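The chain below stands alone, shown as structure tokens; this is the form predicted alone.
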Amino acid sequence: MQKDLVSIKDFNTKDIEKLFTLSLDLKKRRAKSEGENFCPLKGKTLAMLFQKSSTRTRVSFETGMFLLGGKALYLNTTDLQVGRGEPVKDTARVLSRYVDGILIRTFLQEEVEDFAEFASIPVINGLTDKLHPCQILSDMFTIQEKKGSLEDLKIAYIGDGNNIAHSWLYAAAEMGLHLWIACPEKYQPDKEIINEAMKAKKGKIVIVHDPKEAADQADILYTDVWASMGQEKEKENRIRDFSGFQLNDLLLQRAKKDVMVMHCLPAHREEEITDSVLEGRHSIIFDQAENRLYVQQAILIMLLGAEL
């Protein structure tokens, strides 16, 4: 299989199904306290390069490596020579001689792609402004765990056409999902990504500008912050522009009675989602966050070459 996870496109359907099976096994092992002597990554080291702050990505990958018998090295890019102008291609080739894998959380997608091009070890995209593949793989696993299957479900993403929306589009194209995306017109996802996903002709992809239309009879309601990292100066304008796109009780009522609410976190409560919905009985947000650990452990096992 592909040695990197730069985009969900790097994993085909068979890879994703294998990932989910392995993730479930890892979750069961931990629940039964059977993981103490399970060390498939013993002697393996993961370099974690972070240009953006993180809670879930950093802690889940670092904990995941530890639980699998490996070692994670947290590296702030401002402390590395790459932060002082060393070419990415040089850093990638040097790290390839020291460690077994590289995780990157940064702004530019091109930076992750450059690392993958020049590194001779697996490179994992921990988030860029364009894509967040680890999050959506974990989200699909969570939906499958809760609903039993991904088939014939209406997944409604409501909010900014950001890295989460882009990764959902690639996931829908590969897995044949029924995905509806609702966002203000000037905040819609990248048109090239939309067109690329729709060309796959799997499932159903619908882009609308009315959140009520997307929420109607939805099985999954998903949202994200309106202003991502690096967009803080736009926050006031975005709050105005996203008026009517809040995931609240009125929107929830348009979905199916057993709808599940998801948010990749961190959440700005009472902005893109109300506290009542986030804490309500339909919310699986913290189960969703927990599953980042198991899915990312499975990613590490698959990419760093240790099999069960």
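What you see is a predicted model; the values in this text were computed from it and never measured. Note that residue numbering follows the sequence shown and begins at 1.
Not on display, but discussed next: the form predicted in complex with a small molecule.
Looking at Leu108, Val208, Met229, Met198 here, can you tell me which has any non-hydrogen atom within 4.5 angstroms of the small molecule in the predicted complex? Checking each option against the small molecule in the predicted complex, the one that comes within 4.5 Å is Met229.
Note which of His282, Lys27, Lys44, Arg56 lies within 4.5 Å of the small molecule in the predicted complex, where distance is taken over heavy atoms; exactly one does. For this set of options, the contacting one is Arg56.
| said: Taking 4.5 angstroms as the heavy atom distance cut-off, pick the stretch from 93 to 101, 188 to 196, 74 to 82, 129 to 137 that is near the small molecule in the predicted complex. | reply: Comparing against the small molecule in the predicted complex, the contact stretch is 129 to 137.
In the predicted complex, does Gly244 come within 4.5 Å of the small molecule, counting heavy atoms only? Gly244: no, not in contact with the small molecule in the predicted complex.
| Would Val261 count as touching the small molecule in the predicted complex under a 4.5 Å heavy atom rule? | No, Val261 is distant from the partner.
- Query: Would Pro266 count as touching the small molecule in the predicted complex under a 4.5 Å heavy atom rule?
  - Reply: So Pro266 counts as contacting the small molecule.
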